[in-house]
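Take a look at this single chain in structure tokens; it is the form predicted alone.
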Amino acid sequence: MTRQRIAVVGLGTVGAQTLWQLSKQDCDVTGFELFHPGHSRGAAGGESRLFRLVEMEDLAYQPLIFRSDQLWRELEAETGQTLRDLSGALTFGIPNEPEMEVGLQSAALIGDRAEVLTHEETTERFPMYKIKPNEIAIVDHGAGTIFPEKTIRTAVAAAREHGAIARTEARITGIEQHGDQVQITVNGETEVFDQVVVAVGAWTATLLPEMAPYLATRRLLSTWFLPRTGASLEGMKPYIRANPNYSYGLPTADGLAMKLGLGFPTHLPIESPDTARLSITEEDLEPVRSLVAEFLPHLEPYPMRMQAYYEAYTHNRHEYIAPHPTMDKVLVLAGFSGKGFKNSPVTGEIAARHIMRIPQSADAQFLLKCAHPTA
């Protein structure tokens, strides 16, 4: 029987993991990357992402988080690379708010890998975070920092070791299905595959205009703040703060600065990353500077570094994991922003199983059911 020819378009957060998973199956898989694995423009830009066991959206994600944790460890064991620093993280929130209520239930499921602190305990142990009087914290001992660019490069390298082909500086300008085959146009030339996975993040609506109604494409900012003179970041952990005070932060690997980011309402709507404004204005910085003044006053009031990058959300905030609306041989993976990197290994596994028609786990059925196309 002839082996299937599979293309993975986009070797970023999710595409690299999908390539790795498919490389271990009985198929011929080729990955295409617009730039190079680990570039700074897409959803993986910015040197760090948060891995956490505590779930704040839906407890049905909890088994998928545990499975992702397993797959992270498998990729590290296979390659000999350290891709995460699991030194713990904090989840802040107001106990009776919906996200924190889920977070507390999640902490109970995690068991001794999570520790719930009262407001008083939180301010005593972590005084550098100026939480509100009605906020508490969960110490997530199984959480920490993901090294995103290194992870992507490692997953692609592992896929190559299994026989996958990874082509860089490959701009795909067309994807068309004709019968049971899919024709893609790459750097002006045409190639034919049996199935195609599209995982191009913020470029999804540009490459596949039919996907535009399903997605909100945004420009995000990451900012890095130094501690004030005489202060330090000693004792600070990565954190996420639940709505209505959403933000997140991660100390840099060298411990010299704190990376901060805010949520969807502060993200700039864009049509395409190829035409988006790159400059960062003082107005763009105002929300994160206000965060520092209110929540992290021991940091300098102005960032020492800032970076724009691009992501895509779905309108219902559930991942789009489904065939293209008109091309059943094209699997679209999009809209992972907010939980994409943490769960990227299990998403890659689910995508590979879909392509190879391998039965999905019961836990994955939840994700496929909730991650349906919604415009």
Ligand SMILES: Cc1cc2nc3c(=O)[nH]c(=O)nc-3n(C[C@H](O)[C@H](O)[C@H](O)COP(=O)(O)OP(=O)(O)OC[C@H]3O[C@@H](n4cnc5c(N)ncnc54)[C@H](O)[C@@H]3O)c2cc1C
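Note that residue numbering follows the sequence shown and begins at 1. Computed from a prediction, not measured in an experiment: that's the story for all the values here.
Another form exists, predicted together with this ligand; not displayed. Remarks below refer to it.
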{"item": "Residue 248 within 4.5 Å of this ligand in the model of the complex, heavy atoms", "value": "yes"}
{"item": "Residue contact check: residue 201 to this ligand in the model of the complex, 4.5 Å heavy atom", "value": "yes"}
{"item": "Close approach of residue 349 to this ligand in the model of the complex, 4.5 Å, heavy atom", "value": "no"}
{"item": "Contact test in the model of the complex: residue 23 vs this ligand, heavy atoms, 4.5 Å", "value": "no"}
{"item": "In the model of the complex, segment of 78-86, 122-130, 167-175, 154-162 with a heavy atom within 4.5 Å of this ligand", "value": "167-175"}
{"item": "Every residue of 55, 243 and 295 near this ligand in the model of the complex, heavy atom within 4.5 Å", "value": "no"}
{"item": "In the model of the complex, residues of 10-33 near this ligand [heavy atom within 4.5 Å]", "value": "10, 11, 12, 13, 14, 15, 32, 33"}
